[in-house]
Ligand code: NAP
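This document starts with one chain, in the form predicted alone, laid out as structure tokens.
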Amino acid sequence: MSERRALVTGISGQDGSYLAELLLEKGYRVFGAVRRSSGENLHRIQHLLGDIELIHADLLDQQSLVTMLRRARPHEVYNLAAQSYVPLSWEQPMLTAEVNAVGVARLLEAIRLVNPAIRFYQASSSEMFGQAREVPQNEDTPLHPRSPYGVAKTYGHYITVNYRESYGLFACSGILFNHESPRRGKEFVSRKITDGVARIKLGLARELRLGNLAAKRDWGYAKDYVRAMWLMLQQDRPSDYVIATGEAHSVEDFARLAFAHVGLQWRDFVRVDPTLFRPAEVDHLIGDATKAGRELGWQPTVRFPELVALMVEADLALVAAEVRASRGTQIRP
């Protein structure tokens, strides 16, 4: 087989960095799309810069996507680029729609024009289920998004289905439930908790302010989830798959385990801040990944307690390193 070429939009994000590592391990030539005007926050892929090739492109600019595809000539395209922070979508609903919805259509249209044989992966989201009508949620569960982010992702999901059915593209959507790692941004509640726990443990903070402690999510490990993305594009026929652990845990559960990992009682430090509540909450998301298990052979390898522990340990190390760098002292977690 000739050299496999893959292009990843959003390569500098959590999922993009793990996916790039996976693709390199499998012998791909990997291209990554980055925005020229973004200030290029490349810290997650710094260790890969000698092995991947970056191309400037933007989901807001159709011609840049066409140029990107002609240059990279990929066999597979993974669209992970997005405005990915749900709360920000209420503050910037138009930008969220342009990137997460119309941007997907622009990329699919560019693929159709440049090379319709390209296999395409779209990063859909459990936020599309929103006010879910059934628990757990599977590929046939009706969608009822509860945020501008969820609405935009729903458009991106259905336009992917539409291009598959209308033009015969090999186009798949992964309906991924929450997936975390030490590379998660600190604006997300999971990383906010583990970073906060590390700072409290090391004496740099006294409290952690959180929103709705009762909200439940199906949390998995990002490295497991990017493996599912790759598996989808290796099948004989394109389809859509829910990727989830099948276990729901509350924000309170996450905080309790994180503090317990360092020998602290979460109630002594967590403060509920009403300003952090969403205008419309998504209360109970839990995924049914039966189809992915049956057709892809995919199963999660890291369960919730292990995920919390590895994130806390990573943040303890990071915060301790920050302290050493700023104070010249030796603090060991």
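Predicted, not measured: the structure shown is a model, and the values here were computed from it. For every residue, the number given is its place in the sequence shown, counted from 1.
There is another form of this protein, the form predicted together with the ligand, and it is not shown here; the text below is about that form.
Though the partner is left out of this view, residue 178 does reach within 4.5 Å of the ligand in the predicted bound form, counting heavy atoms only.
Interface residue remark: residue 59 is counted as part of the site for the ligand in the predicted bound form, having a heavy atom within 4.5 Å. Looking at residue 120, you'd find every heavy atom of it more than 4.5 angstroms from the ligand in the predicted bound form. Although the partner is absent here, residue 301 lies well away from the ligand in the predicted bound form, with no heavy atom inside 4.5 Å. The stretch from 197-205, 81-89, 133-141, 160-168 that comes within 4.5 Å of the ligand in the predicted bound form, counting heavy atoms only, is 81-89.
Proximity of 239, 242 and 291 to the ligand in the predicted bound form is absent: no residue of the three has a non-hydrogen atom within 4.5 angstroms. Looking at 119-156, the residues that come within 4.5 Å of the ligand in the predicted bound form, counting any heavy atom, are 123, 124, 125, 149, 153.
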